[in-house]
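To begin, one chain is listed below as structure tokens, in the form predicted alone.
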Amino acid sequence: MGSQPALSHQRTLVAVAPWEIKGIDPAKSGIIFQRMEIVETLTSVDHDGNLIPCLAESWSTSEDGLTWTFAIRKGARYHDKSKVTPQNVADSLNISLGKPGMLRKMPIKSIRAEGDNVIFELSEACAMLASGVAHYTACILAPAAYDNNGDVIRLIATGPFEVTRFELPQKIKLRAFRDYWGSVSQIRTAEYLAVARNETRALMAQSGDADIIFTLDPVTLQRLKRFHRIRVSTTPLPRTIVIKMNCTHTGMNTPELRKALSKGFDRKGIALTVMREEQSAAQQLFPPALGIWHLDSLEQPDPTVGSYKSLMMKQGWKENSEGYLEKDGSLLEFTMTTYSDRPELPVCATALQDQMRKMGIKLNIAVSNSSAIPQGHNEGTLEMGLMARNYGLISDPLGSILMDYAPEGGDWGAMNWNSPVMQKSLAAIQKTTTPEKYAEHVKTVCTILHDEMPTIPVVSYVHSAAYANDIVGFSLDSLERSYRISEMRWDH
């Protein structure tokens, strides 16, 4: 704490973000409640993307992976001072299981309390259960939070901050929970304020009407750096812009060709010109925030456009007067389908078009809606797709990988590509009960995806914030689970 702690106690930290509060039920706005550290889950994620205990002190699974046991933290209390018990934790989880959310996507047969534990019985092994229960829709609320129908009537949870007032849909007022089971926050009062317009949020940062502004566009971030009372921070998100390829198409039908194509891309150039952030260049699908799913040993090589052209020339392709490759009177030509829901995608496609031209490829761009990519996949007509894929719905992207890289492919993943070795590892992952074996299989999967490149990562999105320079301990969560306000303090 600073030399004048009384000031710290009096000042309210104002955090501003674009998202309105749709209601007090975590099924509707739980992501905001989790970010503001109001609600907690059985497990959580540390700064390195590793799963850690939260309201469960530990967990274990049976040898067949069908029974999971979570030891409930002793001494934890809800915001109304009532005790956290295995029975009321199981009751809260069963209510969540009956609502839309992550729990319903997992093969859960039953959840019950037994002694000091909460027991999950599954219909089939599910290695990502411990990650799944960290999702905000699986947060634990007190018995008094619900009416007789299981509807949430008060937000009474266990996090470092408790709600003092809702002003829906824009504001939540909070204070530090003095009976919190962990370290009590040095920021004693806080507010969440929803402000949709980027420019308005920026003006609030400039004027000092807000202390932390989340999610600003790159141009605004650069401008805010000029103000002495403001600092800016960015970190890559596990949402990656990926090229999906028809792996039977000429020019993309071998791992060597796909890797040569990948080596020809100037990712840093796209990162700077399109995403306005050099660190968003993505050599692999998963950023460091996803822990063991990130391969630490990969380098960021300089682009080499000649290797792709050389490989194709060995197959009889020749360069024409315009620099494109052709064979038997046909150009080497692809159509890349993308969509404008995310405005950076068409711009990124244009940059890739210019870079592929240098490799001898004529790339046509078709801007449609996002459904055009899965439709083209299922009809077999898609040649290339450029898409944004979110791998950070939970801290473990296994669910996305199983959907995207199934033997028959996936709408948002591989097309006409399969690896029996990788399928064997994916099957083993789901039945693995030890972290060491799990990590070993994950490395195999990630290595195969990088070596065979059924999809090519280009750049990742970036999480950004501007914050007052008298905040100490600020950090950004790459998984966007928490604003980490309880780890901050005022510098006075």
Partner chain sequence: MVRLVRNLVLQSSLALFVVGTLTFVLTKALPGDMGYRIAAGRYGHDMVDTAAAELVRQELGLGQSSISAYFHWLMDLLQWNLGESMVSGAPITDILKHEFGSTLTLALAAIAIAAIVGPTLGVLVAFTRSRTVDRLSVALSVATRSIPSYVIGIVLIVVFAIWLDVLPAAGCGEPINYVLPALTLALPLITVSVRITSASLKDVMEQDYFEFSRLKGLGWCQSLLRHGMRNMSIPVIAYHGVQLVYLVEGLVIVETLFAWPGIGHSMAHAIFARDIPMIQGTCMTLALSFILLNTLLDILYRWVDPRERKS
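Positions refer to the first chain, counted from 1. Remember, it's a predicted structure, so these values are computed and weren't measured experimentally. For the two forms, the rigid core is made up of the largest set of C-alpha atoms that agree within 1.5 Å on superposition.
In what follows, reference is made to the form predicted together with the partner chain, a form of this protein that is not presented.
Just one of 347, 153, 311, 203 has a heavy atom within 4.5 angstroms of the partner chain in the model of the complex, so which one?
Contact residue from the list: 203.
Please pick, from 296, 199, 114, 328, the one residue with any non-hydrogen atom lying within 4.5 angstroms of the partner chain in the model of the complex.
Looking at the other structure, the residue within range turns out to be 199.
Is it true that 77, 86 and 484, all three, sit within 4.5 Å of the partner chain in the model of the complex, judged by heavy atoms?
No, none of 77, 86 and 484 comes within 4.5 Å of the partner chain in the model of the complex.
Give a yes or no for residue 303: in the model of the complex, does one of its heavy atoms lie within 4.5 Å of a heavy atom belonging to the partner chain?
Residue 303: no, not in contact with the partner chain in the model of the complex.
Quick one: does residue 100 come within 4.5 Å of the partner chain in the model of the complex, counting heavy atoms only?
Because a heavy atom of residue 100 falls inside 4.5 Å of the partner chain in the model of the complex, the answer is yes.
Although the partner chain is absent from this view, report whether residue 244 comes within 4.5 Å of it in the model of the complex, heavy atoms only.
No, residue 244 stays farther than 4.5 Å from the partner chain in the model of the complex.
In the model of the complex, does residue 11 come within 4.5 Å of the partner chain, counting heavy atoms only?
Residue 11 lies outside the contact set for the partner chain.
Look at the stretches 278-286, 410-418, 86-94, 259-267 and give the one with heavy atoms within 4.5 Å of the partner chain in the model of the complex.
Selected range: 410-418.
Taking the partner chain in the model of the complex, which residues of 334-373 have any heavy atom within 4.5 Å of it?
Contacting residues: 341, 369, 370, 371.
Establish whether a shift of 2 Å or more occurs at the C-alpha of residue 135 between the shown form and the other one, with the two forms superposed on the rigid core.
It does not reach a 2 Å shift.
With the core lined up, does the C-alpha of residue 341 move 2 Å or more between the shown form and the other one?
Where the cores coincide, residue 341 still shows a C-alpha shift between the shown form and the other one that is 2 Å or more.
For a quick test of reading the superposition: does residue 379 move by 2 Å or more at the CA between the shown form and the other one, rigid core aligned?
Shift at residue 379: 2 Å or more after core fit.
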